[in-house]
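Take a look at this one chain, the form predicted on its own, written out in C-alpha cells.
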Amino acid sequence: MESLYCTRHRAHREIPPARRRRGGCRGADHHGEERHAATGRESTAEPSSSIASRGGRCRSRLVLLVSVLSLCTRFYRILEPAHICWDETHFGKMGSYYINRTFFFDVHPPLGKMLVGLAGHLSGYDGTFPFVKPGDGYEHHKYWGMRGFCALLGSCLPPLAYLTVLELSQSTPAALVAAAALVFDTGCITISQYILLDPILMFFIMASVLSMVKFNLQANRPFGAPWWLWLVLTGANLAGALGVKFVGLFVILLVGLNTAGDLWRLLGNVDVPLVEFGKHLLARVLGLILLPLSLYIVIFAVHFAVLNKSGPGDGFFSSAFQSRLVGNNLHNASMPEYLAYGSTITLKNVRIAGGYLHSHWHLYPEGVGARQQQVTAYLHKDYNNLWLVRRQRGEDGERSGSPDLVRHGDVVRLKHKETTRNLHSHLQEAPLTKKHLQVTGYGFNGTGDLNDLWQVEVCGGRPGDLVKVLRSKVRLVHRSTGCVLYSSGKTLPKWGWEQVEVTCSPYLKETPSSQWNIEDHINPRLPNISLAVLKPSFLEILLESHIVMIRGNSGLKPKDHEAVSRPWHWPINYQGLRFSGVNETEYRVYLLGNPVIWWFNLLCICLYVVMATAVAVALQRGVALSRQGQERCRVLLDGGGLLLLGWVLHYLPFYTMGRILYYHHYFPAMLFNSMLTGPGCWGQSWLTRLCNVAWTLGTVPLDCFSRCCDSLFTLSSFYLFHPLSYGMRGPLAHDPTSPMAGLKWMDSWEF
C-alpha cells in the first residue's frame, strides 16, 4: 500500500530538471514538454539550480499575490457596520469575560474565545461593552482588534489552500484555481470579517492539512529536522482545531487515517526493520497524540486560571466546581460536611440549567393538576430555595447531642422553609410533561400525609452511606408512587413565573435530570469544614467541563417556529444567514457563498469522482500508459482522494446529528471542496491531453480557454454579489430598483 504522494514525488525527482522546470512557473503545470514539442523549437538546457531558483521565486510571488488579494478582500470595510452582527453578541461578550476574568459557560472549547479576548486586550479594548443584542452600536469601544484578528486568520485560508494544492498536484494553475475559489467567495469573506470562531477554526484546519501534506513529502528523509518540524506542527495545529470547536475532531480523524495508511505501508516494506518501524510508530504517537493532547489540556489550564471570578456560567456547573470561583457564595465558605436531620439545605439539579428546587406561595391554576402550591426549579439563588430535612414522622431531629446523619436508603420529609409546606407528589399528571406526575407543596407547618415521604438514594452508593455536601449526587424516590424527583428543563407559562418544571418521573433510569446535590447546608449543631478541602482537582473540573459542554451541545434544539438548516441545503447554497439588518432602511449583511463558485465546486466534486473512477479502472485493467502518465494518475487519485476524504469527513457527519444546525457549519467542508476544484480542473485538462484529444477553439487550446472563462466568471460573480459581504442599503432584491435586482436566483435567499 503506497503512502500518499511518496510514489509521485519519487517519480517527479526522476524527471530531468530541464524538463521538469522548463520556463520557471510555466513548468509547474507539467505541460512544458507538450508545449515544447508543439512548437518544434530547440531549447538549451539550463543549470538545474538556476531553474529551481527561478521557479521558487515565481512561487513566492504567486503566494504573495494570493495573500495580498486575500488581505484586501477581508479587510475592506472591516469596521462596517459599527454595530453587533449575528453571533458577535456571544463571542465578543466571551472575549470581554476573559479580559474581566469572569467565568462563563459555552458549548465550545475555550481557545477561540481566549484568542479573541487577547486580540481585544492587545488592541486597547477594556472589556466593558455589554454585547447585549445584534444591532447595538459599538460607539467609542475599540472593537477593531477583535474583528481584525479574525479577518487576519481568515486571510490566511487562500494562501494555505494554494500551498496545499500545489504540493498535492505540483500544478500552479490548479493551486491558483483553489486559491481564487476562496479569495473571491463572498461567504468566506463574510464569515472572516466578524468576531466569530469560524475563521479561527478554519485556520487551524487548513494549517493541519498543509502540515500533514508537508510531513508526507518528507517520507524519504525520516527523522530529519524538516520531518520533525512538520510532524510537530501537525500535532500543534490539531490541538488548535480541537481547542476552538469539537468539529476539530474531523480533521483529527483525517490525519489519523492518513497516518494509519502511512504506517501500514511501512509495515509492509520488508526493507524497513521492525525496530525502525517502532521508531516511526513512537514518533507519531508523540507528535500526533501526546503533543496535541498535552496542548489541549494546557488550553484548559489557562482557561481555568484566567476565569477565576464568579459569573453567569456558575449555575451550569456543580457546587464543588463553583466553590473555586472568587465571589461565589461557596468560595472560601464553611459548612457541615455530611447531611443531617434538622439541616436547612438547597438542592441543585445536576443537569445543565436544571435549577434549584424551589417553591413559593402561588398555587397551580385551575385545570392544572391539583390546585396546590407550585414547586419549580429556579435558576438563581433565592430564599425560596431553602428546605428543611425532617424525619419520616415529621421530627426535625432536634434532640440533645449531635443530630443523626442522613444515610442512603433513609426516608425523609422536605419542608419548605418559607411556606412550611412539604414536598409532595400524587397521581395527577404534571403540567407540561404529561407522562410524569405532578409535584406540589402540601400540608401546613409540617403536617401532611404519606405522599410527602421521599427515600434518599446516593448515586453509586450502598445502604448506610452518608450524604456528602457538594460531592454526593442523590435521587429522591417517592415512596407512594415509586417515581423520582425530576427537573424536565421545560419552561412553565407565566402562571409559573416562567420557571422550570419539576415533576416526578416514573422512569427510574439515572439521568442528570433526576440527580440532585446539596449546595447550601446550615446546621449549627454540626461542625463546619472549609469547602476548600472539597474543591475538585484539575482533572475533575476538566472532566466536568467536557461533560457539561457535551450535554450543552446535545441540548441545542430548534425553538418553536425557528427556521432550521438541513445539511443537504449547504452544498447547493440553498439558504444563507442574516448577519445584519432585515428591511430596506437597515445596513444589511447576508452570509451566502458566491453561487457561481459554490455550484462550480459541486460540479467539480462530481467530475472528480467520475475521473477518479475512470483512472482507477484504467490502471486496474492495465491500460498502456507512459511511466509519467501512470504517476500522474496516482497524483490524481492520492492527492484528490485526500481532499475528497476531507470533504466527506467534514460534511456527512452532520446528517447524524440531532442538535440544531446552521448554514455556517458547512464552511470547513467548503474549504476541502474548493481545494478539490483545483486538482479537478487540472485532472480534466491533463486527461484530455493524455487521451490525445486535440480540442482547440480556433488557435486557442481548450484548456487555456476554459481557464480564462473560469477566471472571468469568478471575477464577475464576485463583482455582482460583493454587496452581500460588504453591506447594502436600500430596496430589497425583489424590488426592480434594488442594486441586487435580478440576483435573487433562488426564492430561499433572503436579501
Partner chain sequence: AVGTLVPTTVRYCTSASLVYRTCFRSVSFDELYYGQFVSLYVKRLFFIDDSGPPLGHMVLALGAYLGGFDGNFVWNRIGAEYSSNVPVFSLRAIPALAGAFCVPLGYQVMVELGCSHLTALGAALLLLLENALITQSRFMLLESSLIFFLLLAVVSYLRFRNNSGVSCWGWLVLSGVSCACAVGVKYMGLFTHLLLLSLAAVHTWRLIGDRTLGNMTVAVQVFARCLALVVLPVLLYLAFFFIHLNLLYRSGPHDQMMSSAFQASLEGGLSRITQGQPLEVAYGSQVTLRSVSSQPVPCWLHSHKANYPIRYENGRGSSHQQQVTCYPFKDVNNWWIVKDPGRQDLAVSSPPRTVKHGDIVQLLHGMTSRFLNTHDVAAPMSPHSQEVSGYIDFNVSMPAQNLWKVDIVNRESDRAVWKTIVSEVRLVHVNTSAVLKLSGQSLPEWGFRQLEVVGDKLSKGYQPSGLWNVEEHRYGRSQEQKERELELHSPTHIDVSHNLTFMAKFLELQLKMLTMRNEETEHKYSSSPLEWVTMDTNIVYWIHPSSNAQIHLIGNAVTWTLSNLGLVLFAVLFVWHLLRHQRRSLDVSKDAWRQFAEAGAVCGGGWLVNYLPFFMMEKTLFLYHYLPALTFKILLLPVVLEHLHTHILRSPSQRRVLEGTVLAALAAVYLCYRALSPVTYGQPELNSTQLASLRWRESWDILLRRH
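Residue numbers count along the first chain shown, from 1. Under this definition, the rigid core comprises the largest set of C-alpha atoms superposing within 1.5 Å between the forms. A quick note: this is a predicted structure, and the numbers were derived from the prediction, not measured.
The same protein also has a form predicted in complex with its partner chain, omitted here; what follows describes it.
Of the options S626, Q620, S402, S530, which one has a non-hydrogen atom that comes within 4.5 Å of its partner chain in the model of the complex?
Of the candidates S626, Q620, S402, S530, Q620 is the one lying within 4.5 Å of its partner chain in the model of the complex.
Could you work out which of G658, P463, P130, G224 is the residue within 4.5 angstroms of its partner chain in the model of the complex, going by heavy atoms?
Answer to the contact question: G658.
Test of understanding: in the model of the complex, would T433 fall inside 4.5 Å of its partner chain by heavy atoms?
Taking the distances in the model of the complex, the answer for T433 is yes, it comes within 4.5 Å of its partner chain.
Spell out, yes or no, whether the shortest heavy atom distance between Q499 and its partner chain in the model of the complex is within 4.5 Å.
No, Q499 sits far enough from its partner chain in the model of the complex that none of its heavy atoms falls within 4.5 Å.
Does its partner chain get within 4.5 angstroms of any non-hydrogen atom of N269 in the model of the complex?
Yes, N269 sits close enough to its partner chain in the model of the complex that at least one of its heavy atoms falls within 4.5 Å.
Is K490 one of the residues lying within 4.5 Å of its partner chain in the model of the complex, judged by heavy atom distances?
The answer is yes: K490 has a heavy atom within 4.5 Å of its partner chain.
Quick one: which of 269-277, 201-209, 405-413, 373-381 gets within 4.5 Å of its partner chain in the model of the complex, going by heavy atoms?
In short, 269-277.
Heavy atom within 4.5 Å of its partner chain in the model of the complex - qualifying residues of 581-606:
Read in sequence order, the lone residue that approaches its partner chain (within 4.5 Å, in the model of the complex) is V582.
After superposing the rigid core, is the C-alpha displacement of T503 2 Å or more between the shown form and the other one?
Yes, T503 moves 2 Å or more.
After the core is matched up, is the C-alpha of R371 off by 2 Å or more between the shown form and the other one?
Yes; that C-alpha moves by at least 2 Å between the shown form and the other one.
If I superpose the two forms on their rigid core, does the C-alpha of L492 end up displaced by 2 Å or more between the shown form and the other one?
Yes; that C-alpha moves by at least 2 Å between the shown form and the other one.
Relative to what is shown, are the Cα atoms of K490 and T656 closer or farther apart in the model of the complex, where the gap shifts by 3 Å or more?
Nearer in the model of the complex, by 3 Å or more.
Over in the other structure, so in the model of the complex, do G489 and S545 pull closer or drift farther apart at the C-alpha level? The difference is 3 angstroms or more.
Closer together, by at least 3 Å.
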